[in-house]
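First, one chain by itself: the form predicted on its own, in structure tokens.
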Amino acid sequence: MKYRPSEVVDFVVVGAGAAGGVVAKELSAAGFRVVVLEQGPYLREKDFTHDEIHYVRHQGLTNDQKQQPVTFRRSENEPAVNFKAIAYGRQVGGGTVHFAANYWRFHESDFVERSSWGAIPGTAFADWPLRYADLEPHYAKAERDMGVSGLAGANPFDSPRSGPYPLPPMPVKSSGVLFDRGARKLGLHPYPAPVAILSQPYHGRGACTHCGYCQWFGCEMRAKSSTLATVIPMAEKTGRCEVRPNSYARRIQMARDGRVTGVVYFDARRREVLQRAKAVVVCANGVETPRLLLMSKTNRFPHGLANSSGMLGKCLMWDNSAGVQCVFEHPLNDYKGIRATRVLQDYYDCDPKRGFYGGGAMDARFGSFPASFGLGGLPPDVPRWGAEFKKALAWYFPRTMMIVGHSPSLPMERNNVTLDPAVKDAWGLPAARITFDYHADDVKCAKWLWQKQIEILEAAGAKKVWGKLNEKPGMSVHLMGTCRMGHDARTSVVNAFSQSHDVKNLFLVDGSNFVTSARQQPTATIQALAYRASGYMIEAARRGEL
């Protein structure tokens, strides 16, 4: 289906990633006319290769810092520098095309932590305006639509489920076996990782072939359950959804009556086009969504569209994780297969005895490829050049594994996304300026979890353990919190259905809605929120409210 930009469609969706793909499918399946604007290209499975330099070193499926610069600073008291502080998918399917595909639900406790643990100084710590029970049916639908492999009931710390995963778990890798061994010696409870990858054929797609080229790569087998391979084709098959790639959103258009009327974007030839619509849904990610609203300021909203609260762009939450590597005596060959096959959540919940906020989860994996491993994966006491380097690389690469810990990032208003007053992108638009630093409890929690990771590897019999815990922010791929949801329009940007408090036919649906970061791995929750928001949009549109 092709629509004319002058034609008033029912919905225009900005972004074709984790949330945008779900929204497009749900709305078009319900009978609405939908245009999806995606800033990147529409790649197909035939376009993906195993070129490590392109996809890992140059991050070929993510935002290009030369075309779309991001500036970064740790506080407002220092100048922002040109730095790729964030990475997000820039093609149809977004980050789901190249993610590692960990697919964890949040826990019941994640939605009420403020009530459970009280205020945390220096933060905007709050409960969510919804509960796990409100999202559970949407988690279940996401798992069915995407095709998620896992084993229900295997994690004793899971919140209640309405049914099993649609597919059995993936085969365990060597790292999973050793992680399991070490953890169980310590009385812990590892379990099969739930992943958005097919363990067996599903809905016309083939099972994973365990090629090993998963994170940072597109899946030429369609076994990774990206929105590119799942819900976007479903949306297009309705005949009512047009996906428009290479369409770079510039501004959301607003009428005098206070409703939005469409999106102005640059097409592939960099011509400005206005796609008219009855309602707008922004699913761009936790940085690009607030950036677009900041660029869409009006006389009514001089500080950014739908920003009467002043909270737009604030409370940015970030990746907070650290890996510990180790080597074993015998080859593991863990570079084969998907990233993670075992997860542990014994340390998930907070415990006041620890003396800081937070808990964590962890998974076992091998997180590197040959060239990348040679550049940064070897232990610090190994030569970095010559014959001894080659010998060490050949010995360590097949014998190495790691545990990655995933811990919270606390919401703070001083961590934010604004428009850089001096730096422009290739389209002449203001670059995103990110101000971010960790809360002291974020650092304490990561250090504590780091020690637990080491304990497990030593219990598993590792010959050598190494790694570095970086207390300063690096690059983040989990972008959360900048359009937070809440009941109070004075302290939040959207309501519990991702609808703007200020503009009733504007929805913001992605990681920006998050009130807390839980223990990272946000994709399942982003998609559950997208299903919930879509249901609300459908009913509101049918009632004529949009």
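No experiment lies behind these values; they were computed from the predicted model shown. In case it trips you up, residue 1 is the first one in the sequence shown, and so on.
Just so you know, the form predicted together with a small molecule exists too; it's not on screen, but the next bit is about it.
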query: Using 4.5 Å between non-hydrogen atoms, is N285 touching the small molecule in the predicted bound form?
result: yes
query: Is F99 close enough to touch the small molecule in the predicted bound form, meaning at least one heavy atom pair within 4.5 Å?
result: yes
query: Though only this chain appears here, would G360 touch the small molecule in the predicted bound form if you measure heavy atom gaps against 4.5 Å?
result: no
query: Is S247 close to the small molecule in the predicted bound form, meaning a heavy atom pair under 4.5 Å apart or at it?
result: yes
query: With the small molecule left out of view, which of Q215, N416, S199, S174 would have a heavy atom within 4.5 Å of it in the predicted bound form?
result: Q215
- prompt: Which of these residues, A126, A87, C350, A392, gets a heavy atom within 4.5 Å of the small molecule in the predicted bound form?
  reply: A87
- request: Please name which of the stretches 142 to 150, 276 to 284, 161 to 169, 73 to 81 has residues with heavy atoms lying within 4.5 Å of the small molecule in the predicted bound form.
  value: 276 to 284
